[in-house]
Every structure is written in structure tokens, then in C-alpha cells.
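This document opens with one chain alone, in C-alpha cells, the form predicted alone.
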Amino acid sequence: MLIFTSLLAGLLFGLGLIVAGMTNPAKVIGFLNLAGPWDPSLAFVMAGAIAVGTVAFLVARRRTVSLLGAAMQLPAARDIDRRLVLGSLVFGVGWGLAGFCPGPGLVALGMGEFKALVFVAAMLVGMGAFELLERRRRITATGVA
């Protein structure tokens, strides 16, 4: 049941991204281009997502298990450190250059978009590089491989 519900939630999320225009790099770049012909329509999408997410997190924080009985795994870190800021900057620059962020990139890949294939391949390389750097950092910090 959990897998079916996860699949349904993913399909609904993907449909929402398509309807909102988040899978269209031109629309996203039009939103991010404050110096050019700015398209503010994605601000409404983001405001709606933040509103829904806020309510969902408020409900989730009061629960120990999900509605389907899975353990709740909410973020516990509250520190804003150099790693978070640098990661956010890299994410923002990548989003501005490609016009995709991970969710819309995967949806566009599923729609057969070639640009999304390049984006997802670059994203996987970046994730692999991050994992290697993290492993190296842990070994350096603890001395344990």
C-alpha cells in the first residue's frame, strides 16, 4: 500500500509540475530573469507550494507515524552553515542555467525531453561527486574508512 500511495503522490506531484509550467525551462528562466521580460507567474506556484507545505509540516510535526504507518522522518538540522549556503548557491546557479530543478527535470525526462536527459545526467554526476567528497570528508574527520 505504501508503494502504491508513493507512486500516486509522485504522479500527482509530476502532474502539478506540468500544469504549473515548471517543466518548461523557458518559463522558469523567464521567472528568474529579473533584468529582462520578467514572468512572475511562477511566484504564485511557489506561494501555493509554500502554503501547502507549511500546513503539511505543521500536521506532520505532531505525528510520530504517517497516515499509512511509516515512521516520520522530518529534518532535524537547524544550522545555517557554510555547506548549506554553498549548496544553495550551486542549486540556484544550476536552476538558473538549466531552467530545471530536480523534480521538474525528472518529469521532463519522463516526457522524453532531450534537455532533461542532459540535466539529469549532470545531476547524477553532481550527486556522485558530492558523495565522494562527503566520504573523503568523513574519513579525514574520523580517520575511519
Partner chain sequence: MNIDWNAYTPWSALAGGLLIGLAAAAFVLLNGRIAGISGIVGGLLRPVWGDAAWRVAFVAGLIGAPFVYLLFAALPKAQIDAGFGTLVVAGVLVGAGSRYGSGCTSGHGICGLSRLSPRSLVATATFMAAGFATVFAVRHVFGF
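The structure presented is a predicted model; accordingly, all values stated were derived computationally and were not measured. Numbering follows the first chain given and starts at 1.
As for the form predicted together with its partner chain, it is not shown, yet the points below apply to it.
Participant: Using the partner position in the predicted complex, report whether L2 sits within 4.5 Å of its partner chain, counting heavy atoms only.
Facilitator: Looking in the predicted complex, residue contacts with its partner chain include L2, since a heavy atom lies within 4.5 Å.
Participant: Should L7 be classed as touching its partner chain in the predicted complex when contacts are defined as heavy atoms within 4.5 Å?
Facilitator: Heavy-atom contact with its partner chain at 4.5 Å: present for L7.
Participant: Does any residue in 21-36 get within 4.5 Å of its partner chain in the predicted complex, counting heavy atoms only, and if so which ones?
Facilitator: Sequence-ordered list: T23, N24, P25, A26, K27, I29, F31, L32, N33, L34, A35, G36.
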